[in-house]
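Here's a solo chain for you in structure tokens, the form predicted alone.
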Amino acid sequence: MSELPQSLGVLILAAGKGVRMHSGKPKLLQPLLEEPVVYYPLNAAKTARLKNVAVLAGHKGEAIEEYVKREWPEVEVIWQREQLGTGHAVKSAEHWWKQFDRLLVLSGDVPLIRPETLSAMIRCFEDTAPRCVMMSFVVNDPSGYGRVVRLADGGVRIVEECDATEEELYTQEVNGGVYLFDTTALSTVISRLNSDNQLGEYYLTDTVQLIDDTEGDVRVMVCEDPQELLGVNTPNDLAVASGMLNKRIIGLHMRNGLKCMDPATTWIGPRVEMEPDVILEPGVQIWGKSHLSDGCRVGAWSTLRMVRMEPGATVFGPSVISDAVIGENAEVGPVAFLRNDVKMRSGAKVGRFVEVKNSTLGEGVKALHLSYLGDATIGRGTNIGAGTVTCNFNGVSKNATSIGEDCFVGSDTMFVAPVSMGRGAATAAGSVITKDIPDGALGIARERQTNIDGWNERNGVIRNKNGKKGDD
């Protein structure tokens, strides 16, 4: 994709109230495949190499501004302090967009828009040099959308549904909410907008008719795939868009070599990267900026979030993994839980009902059964026995446990952190380790066994032949 001219700005409208979403969270921050709705138009603009991008914030805009500054620091945030319609919104940003020759305006609630479509719109503008290009699409049920009315003289205007005549309501070509303006023409007409309509707002759509009336040079680009311009306004819209996006993402990965056993039950976020020959069993979810390398396999009903799997790594399902690196040929699960910055080196194994948190497991480390390893560093070749716990929290602060290379940790060992275990050391099963164990030593910390003769009879628990207690 070739570089586009720098005299073009992109304004993403994100100031609406979104009342139909019925949520205290702004509509454009609602999670869609675990990314905010506004992520998608921002990413489309970035993929299309559009570098001068601004988001227009308004209702509950502090949250949107925080998100944009954190995740998209190159994007500018502009405020519409009073929400008086889309025309007023664009007018509020005039101090920013007047520096460009052209302005691309799109709604923040169109997550299905493709970067290729934005590039095609820009090419249409470059090839025909109009004053405005607007995007439309055709639907069977146009309810909720502004209608695109083609005039007899070849002109065009957009009529909002609440202001449309009965005849205009039957029009199936609707406004896509994406515009590319010549900024000189836009600046000339935007101050002429009025709020003489049912909602008492300043409509950006009226600029199309004003430009058409004065310049006579508005082009309509009909989007070939109507799904791209579907808006997200309700929880139902959110669910529909999720399904469409997920199907698109899975299809892309499968074209590149993903082996997905059941696409209908698999969910993959937009930032996930996959190399060829990854196998996903049914019910898998992968979110965030995860990366699955060649030859990896994820077992059924597992959830991965911000996970990197190196070549040949395997997750047996169901397991839940968050913020972790699983090394080459390492194995996790089944029924394992990894979280908060876990690093497993090559060949390491974490097994059934094992939780690992903020820990590093060296090459070949094995922790196969019923253990909790928190804030721990475990050296290469060490074996962790069943029931091992690193007691990392003393009620005030978290403390670290260090276990050296080639150690043997007996079953049901409790490490009371901070504590360390030297290279080649061992612990006896059932020990509570409160002191450091030197290299090669055996740590034993348990009471000596005592057998009390006759205890059963004295306490009346011996049973007779009928299975009753001896004193019955």
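Computed from a predicted model, the values in this text were never measured in an experiment. In this text, residue numbers run from 1 along the sequence as written.
What follows is about the form predicted together with a small molecule, which we do not show.
Enquirer: Would you check whether the small molecule, in the model of the complex, lies within 4.5 angstroms of a non-hydrogen atom from each of 402, 415 and 443?
Expert: Not one of the three qualifies.
Enquirer: Pick from 189, 156, 89, 221: which has a non-hydrogen atom within 4.5 Å of the small molecule in the model of the complex?
Expert: It is 89 that has a heavy atom within 4.5 Å of the partner.
Enquirer: If you check 379, 351, 146, 385 against the small molecule in the model of the complex, which one has a heavy atom within 4.5 Å?
Expert: If I apply the 4.5 Å criterion carefully, the residue I get is 146.
Enquirer: How about residue 15 - does it come within 4.5 Å of the small molecule in the model of the complex, if we only consider non-hydrogen atoms?
Expert: Residue 15: contacts the small molecule in the model of the complex.
Enquirer: Using heavy atoms and a 4.5 Å limit, would one call residue 80 a contact residue for the small molecule in the model of the complex?
Expert: Yes, residue 80 is a contact residue.
Enquirer: Mark residue 160 yes when one of its heavy atoms lies within 4.5 Å of a heavy atom of the small molecule in the model of the complex, and no otherwise.
Expert: Taking the distances in the model of the complex, the answer for residue 160 is yes, it comes within 4.5 Å of the small molecule.
Enquirer: I'd like to know whether residue 203 contacts the small molecule in the model of the complex, with contact meaning heavy atoms within 4.5 angstroms.
Expert: Flag for residue 203 set to yes.
Enquirer: Which one of these stretches, 238-246, 203-211, 293-301, 312-320, sits within 4.5 Å of the small molecule in the model of the complex when only heavy atoms are counted?
Expert: Of the options given, it is 203-211.
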